[in-house]
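One chain comes next, on its own, written out as structure tokens in the form predicted alone.
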């Protein structure tokens, strides 16, 4: 029997891919999205679409009243740069929005929730790759809002006065990339930003010296982790990294993108600008827990995944 699965932020990059896969598996998918950062075209035609906002309980109420078996909570403001421009947006969307989703789950006794957490909560961790038991030390307002939301999720599930089993999992995602990521959003998705710049003939901008590293994980692998975690009791109550464990420097990423277009840093304009507030120097996931609890390993290797993404991007510009 199919379940009714709510995906908040389901018109976004990750949410849209999840919606597509869950519809294909025969689930009844409901997508809630305010379309500020999402794209209606990402929502499968077989899914129910509700244009609404997690900041408004009245937008959530009718969806939960109709019955929800699983919530995949991805709605959020995901730009570190924008979070410094207006921290209240992060607080309202990422933290208070999550509290609203939790309140709806409690009112209607929704048994399962997966939360989109972030690797940014670790801050400048000494251990890289970073395991989940490293104490978070967020250095951006965005990371603070995500960590606060994560704690609300797990503290709520741990309450003894709920009257039902409320099972939650936080997936701490590293740098997700892949097909359908926005090529025009200058605030998130460094690979897509670089690809979009080259396709438009614009200079690539690198902040700091480019030797800062990131852990790039393909959208296919991320979706496998999310869907695999839904019915895995070992994941209940846990925070789990979703990343490859392999760091890539921003300079290497730039070189890979330029090479795919027949360029190098000597033949294509690359600008270096000061580091941005809240930027992390090193980042990579210790994926031991994902392997142990979810039997999950990344299957899309970096070169193949980035080549696929670049080929897809070329078709978008050609249209």
Ligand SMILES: NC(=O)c1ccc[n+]([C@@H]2O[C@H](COP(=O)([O-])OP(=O)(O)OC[C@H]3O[C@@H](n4cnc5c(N)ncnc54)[C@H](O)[C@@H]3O)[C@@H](O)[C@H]2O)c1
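Predicted model only: the values in this text are computed from it and were never measured. Residue numbers count along the first chain shown, from 1.
The form predicted together with this ligand is left out here; the points below concern that form.
Legend entry - Interface residue in the predicted bound form among 53, 255, 279, 69, criterion: non-hydrogen atom within 4.5 angstroms of this ligand: Contact with this ligand in the predicted bound form is made by 53 alone.
Legend entry - Interface residue in the predicted bound form among 122, 194, 174, 147, criterion: non-hydrogen atom within 4.5 angstroms of this ligand: Partner contact (heavy atom, 4.5 Å) among the options: 174.
Legend entry - Residue contact check: residue 9 to this ligand in the predicted bound form, 4.5 Å heavy atom: Answer yes; at least one heavy atom of residue 9 falls within 4.5 Å of this ligand in the predicted bound form.
Legend entry - Interface membership of residue 76, this ligand in the predicted bound form, 4.5 Å heavy atom rule: Yes, contact at 4.5 Å.
Legend entry - this ligand contact at residue 35 in the predicted bound form, heavy atom, 4.5 Å: Yes - in the predicted bound form, heavy atoms of residue 35 and this ligand come within 4.5 Å of each other.
Inset, instruction - Examine residue 117 and determine whether its closest non-hydrogen atom to this ligand in the predicted bound form is within 4.5 angstroms. - result: It does: once this ligand is placed as it appears in the predicted bound form, residue 117 has a heavy atom within 4.5 Å of it.
Legend entry - Interface segment, criterion being heavy atoms within 4.5 Å of this ligand in the predicted bound form, picked from 53-61, 22-30, 247-255, 286-294: Heavy-atom contact with the partner occurs in 53-61.
Inset, instruction - Identify whether this ligand in the predicted bound form is within 4.5 Å of every residue in the set 183, 243 and 309, based on non-hydrogen atoms. - result: Contact check failed for every one of 183, 243 and 309.
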